[in-house]
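Take a look at this one chain, the form predicted on its own, written out in structure tokens.
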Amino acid sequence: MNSSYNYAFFDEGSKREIRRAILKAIAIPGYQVPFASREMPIARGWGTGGLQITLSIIGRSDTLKVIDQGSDESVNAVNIKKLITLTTDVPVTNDAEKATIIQSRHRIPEKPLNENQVLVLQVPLPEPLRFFEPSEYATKKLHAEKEYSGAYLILFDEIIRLGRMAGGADHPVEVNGRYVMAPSPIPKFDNPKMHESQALILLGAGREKKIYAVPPYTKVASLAFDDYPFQREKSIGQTCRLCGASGVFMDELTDDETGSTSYQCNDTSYCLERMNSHDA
């Protein structure tokens, strides 16, 4: 730990202010709580919201895992881990089961999370109504009145034009039967993992200065229609070319020379663990 910084980078007053916002977010599932987003040594839009949450809740007994779109070793994940380990003494792991705090950009791990874990999701755009209503005042009023016809209208437009709800990520969800929430740009495949998750899910948007949460065992339903139910990405018949896994979110790979298509687990640590278990 670098002793020239306060533990976990922030001063204690900043941590307390962010924790108060987190507690309010947990008390009102899916509600966007404004907070005083701090200046960070990384640019806003690169995970500062999630990073501020992590730095405010992390303690000496924690173990950290950081994911960037399924990878533990991408530039975003590596630099976030570097800042946290420079200012704390917590160990870092790639194993989702061993981590007490998992900070993620755009994915939920394949392994089910448990009650002793906190999942922190980085969020670029926390307002699910922003695509049709630019006014912050107006969106707050719509949330207060539970007026979400605009969100459904976007999905209806996709069905009319394309015959299906075509969005691949950030599909809006209803939390605890009340607030419509942006789940961060996780793929639709991950949306059902939020429903009654054993782990606490915290979502932070640094640039937009919002924190919101899904407490453990909370009902989360992806927006859909009775005659057009929610469907996540299909993986029927797809197996990972490296570990042989099926039924998980995969990247589609195309060979430039032959044009052939193969699939590979998006969650790299999950894939590597399966490969190592096969070799053992």
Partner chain sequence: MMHEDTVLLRAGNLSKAYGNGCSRCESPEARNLEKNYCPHCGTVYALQDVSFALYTGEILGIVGESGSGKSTLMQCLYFDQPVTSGEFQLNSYKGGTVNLFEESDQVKRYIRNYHLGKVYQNPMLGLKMKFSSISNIAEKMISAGHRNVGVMQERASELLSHVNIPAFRMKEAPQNFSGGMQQRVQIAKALSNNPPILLLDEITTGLDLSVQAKVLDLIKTIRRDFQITMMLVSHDLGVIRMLADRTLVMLNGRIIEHGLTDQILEDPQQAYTQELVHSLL
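Residue numbers count along the first chain shown, from 1. A quick note: this is a predicted structure, and the numbers were derived from the prediction, not measured.
The same protein also exists as the form predicted together with the partner chain; that form is not shown, yet it is the one meant from here on.
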Check whether residue 217 has any heavy atom within 4.5 Å of a heavy atom of the partner chain in the predicted complex, and answer yes or no. no
Is there any non-hydrogen atom of residue 230 lying within 4.5 Å of the partner chain in the predicted complex? no
Please determine whether residue 196 contacts the partner chain in the predicted complex, using a 4.5 Å cut-off between heavy atoms. no
Are any of the heavy atoms in residue 147 no more than 4.5 Å from a heavy atom of the partner chain in the predicted complex? yes
Okay, which stretch from 118-126, 68-76, 104-112, 135-143 lines the partner chain in the predicted complex, with non-hydrogen atoms inside 4.5 Å? 135-143
Could you tell me if all three of 10, 19 and 40 have a heavy atom no more than 4.5 Å from the partner chain in the predicted complex? no
Though the partner chain is not shown, can you say which of 83, 92, 154, 169 has a heavy atom within 4.5 Å of it in the predicted complex? 154
